[in-house]
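Take a look at this single chain, the form predicted on its own, given in structure tokens.
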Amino acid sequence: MPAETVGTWDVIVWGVFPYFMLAILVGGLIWRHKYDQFGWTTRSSQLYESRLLRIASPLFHFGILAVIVGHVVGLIIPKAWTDAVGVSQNFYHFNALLVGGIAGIGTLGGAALLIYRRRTTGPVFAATTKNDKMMYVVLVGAIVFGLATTVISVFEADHTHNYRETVSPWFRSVFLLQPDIASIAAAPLTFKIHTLVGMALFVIWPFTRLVHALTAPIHYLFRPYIVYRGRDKQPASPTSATQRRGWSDVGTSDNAKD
């Protein structure tokens, strides 16, 4: 698209809003970690209902992981790189539609089951906040519009649009601080809506239960062993030393004495 066709609205939406979104995302995560560490959780409701959760949770999480991988490949890896290694556009397009379609349907199905479970299980619904409801609306919107771009591309008569020549260059240019507004402005409306809803999801991310996705229990790999000891049922000898109850390090240098 020629540069002169880029309007003020395009500049605001595709040149300014992405940096607003990044500022809210990063600043919100820092604030949440500093002031609300105890709230940095999914607020698990497995105690209330587990039958549906055993199906919905893996379906949603594995689906969303596949969706994320697909977005990383499609948005970050330039088309010239896949062309250089011999991956044709038709082959890439077929795999993107097949894998992306399966992942999107699985993610949407898992989300639908989670919402159904939350709405029909009394204690779970009672624990649902307005924040949760807003998060589900935006999340499902992002998934639905993502699937819409996939379905529409399947039924396109000429398959002329290639998002790796419009959306992807703009996405990479944002992180280079030189947003390619003309590229994203040339994308079809469905891709623009999907992108906008995706950015809205990242704006609310730090303030919802979605923050748990950015937490990995790495400290579990390095914590000391937990030693469980039975309580001595025999009365303590008057001459025995009084032992302090509580936690103590096991096998550390402070306790290792010659």
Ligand code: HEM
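Keep in mind it's a predicted model, so treat the numbers as computed, not measured. Start at 1 with the first residue shown and count on from there.
The discussion below concerns the form predicted together with protoporphyrin IX containing FE (HEM), not included here.
- Contact with protoporphyrin IX containing FE (HEM) in the predicted complex, defined as a heavy atom within 4.5 Å, holds for exactly one of Ile68, Ile204, Ile55, Leu196, namely Ile68.
- Remark: of stretches 131-139, 170-178, 84-92, 71-79, the one touching protoporphyrin IX containing FE (HEM) in the predicted complex is 131-139 (heavy atom within 4.5 Å).
- Among heavy atoms of His212, some come within 4.5 Å of protoporphyrin IX containing FE (HEM) in the predicted complex.
- None of the heavy atoms of Phe191 is located within 4.5 Å of protoporphyrin IX containing FE (HEM) in the predicted complex.
- Contact between Gln37 and protoporphyrin IX containing FE (HEM) in the predicted complex is not found at the 4.5 Å heavy atom cutoff.
- Taking non-hydrogen atoms only, Ile64 approaches protoporphyrin IX containing FE (HEM) to within 4.5 angstroms in the predicted complex.
- For the partner-free chain shown, Thr42, Ser44, Ser45, Gln46, Leu53, Ser57, Phe60 of 22-60 come within 4.5 angstroms of protoporphyrin IX containing FE (HEM) in the predicted complex, judged by any non-hydrogen atom.
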